[in-house]
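Before any questions on binding or motion, here is one chain by itself as structure tokens, the form predicted on its own.
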């Protein structure tokens, strides 16, 4: 387990014990080839966030005309996709504008399960989301300085808390915490966990900041690995009976391999596209491996 401190190793041990006390000896590895990723805004995002800059929109299925989405319903019905991630860029208010495509999204919902990225939507929009969303993946950020620096939004962490609270009343929602979102530095992640402990969660997804070429954070480094592992272990102890997932967005290479191994020792329930070393470790630990082909929240 890397060269972690004795304190970190002890924390991981406690997390593993909590996991074993609350869950069967099983772990799920997801390879989301059955989930189509759709952007409702093409490559356009009004925020040009420091960590993304629209980079990740470029790899999504672009839907710019109603006929495109209608065709997708027919096409994917034959191609074997069972679900879709509905995403896109944000407007200046920090929300993904899904209402213009709502009629077609309702048609899509008849054929597929839908996971939505929605951002800071209004209560009136949440009511309409009920008809189409199987689940909402909600980026949960409570640190005001991070919100301003990364997103450039004139909003506070309280806006994210209020939106999360409103979403939970109407739809299934799984908060996503990006560790190191503020340019590779931890800032507010622990506070986010404390807030979620009060608000309640049905599950929790962690992703990890990736320095991405062409963005304002391109020259930064991923967050300190030991700090990330400590946070995962702390989350397991704070939420001993709720499922915890390690999502697809995390650095590659040696960092990813070390993180995946540590995450298993921290008691996560699911890892998206795990490294081979992680699969081997799960077997060595006696975990029954279950595999999935969709987004981790579905």
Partner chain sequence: MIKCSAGTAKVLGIKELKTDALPTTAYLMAGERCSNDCSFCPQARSSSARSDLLSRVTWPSYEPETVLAGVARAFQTELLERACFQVVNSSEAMVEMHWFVDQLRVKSAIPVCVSCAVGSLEGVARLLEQGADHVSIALDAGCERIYATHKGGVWEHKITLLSAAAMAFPGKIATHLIVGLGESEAEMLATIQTMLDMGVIVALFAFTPVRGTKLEKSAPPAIGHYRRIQAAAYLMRLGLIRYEVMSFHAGELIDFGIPAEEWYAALAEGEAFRTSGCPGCNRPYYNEKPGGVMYNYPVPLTVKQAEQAMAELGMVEVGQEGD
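Residue numbers count along the first chain shown, from 1. A quick note: this is a predicted structure, and the numbers were derived from the prediction, not measured.
Another form exists, predicted together with the partner chain; not displayed. Remarks below refer to it.
Legend entry - 43, 50 and 90 all contacting the partner chain in the predicted bound form, non-hydrogen atom within 4.5 Å: Verified in the predicted bound form; spot residues all out of contact, no.
Is there any non-hydrogen atom of residue 62 lying within 4.5 Å of the partner chain in the predicted bound form? Taking the distances in the predicted bound form, the answer for residue 62 is no, it never comes within 4.5 Å of the partner chain.
Please run the contact check for residue 2 against the partner chain in the predicted bound form: heavy atoms, 4.5 angstroms, yes or no? Although the partner chain is absent here, residue 2 would touch it in the predicted bound form, with heavy atoms inside 4.5 Å.
Exercise. Looking in the predicted bound form, any heavy atom of residue 257 within 4.5 Å of the partner chain?
Worked result: Within the cut-off, so yes.
Partner contact for residue 248 in the predicted bound form: the partner chain, 4.5 angstroms, heavy atom
Residue-level check for residue 248: yes, a contact with the partner chain.
> So which of 187 to 195, 128 to 136, 141 to 149, 218 to 226 is the stretch with heavy atoms within 4.5 Å of the partner chain in the predicted bound form?
Replying inline: The contacting stretch is 218 to 226.
So which of 57, 273, 34, 261 reaches within 4.5 angstroms of the partner chain in the predicted bound form, heavy atom to heavy atom? The residue from 57, 273, 34, 261 that makes the contact is 273.
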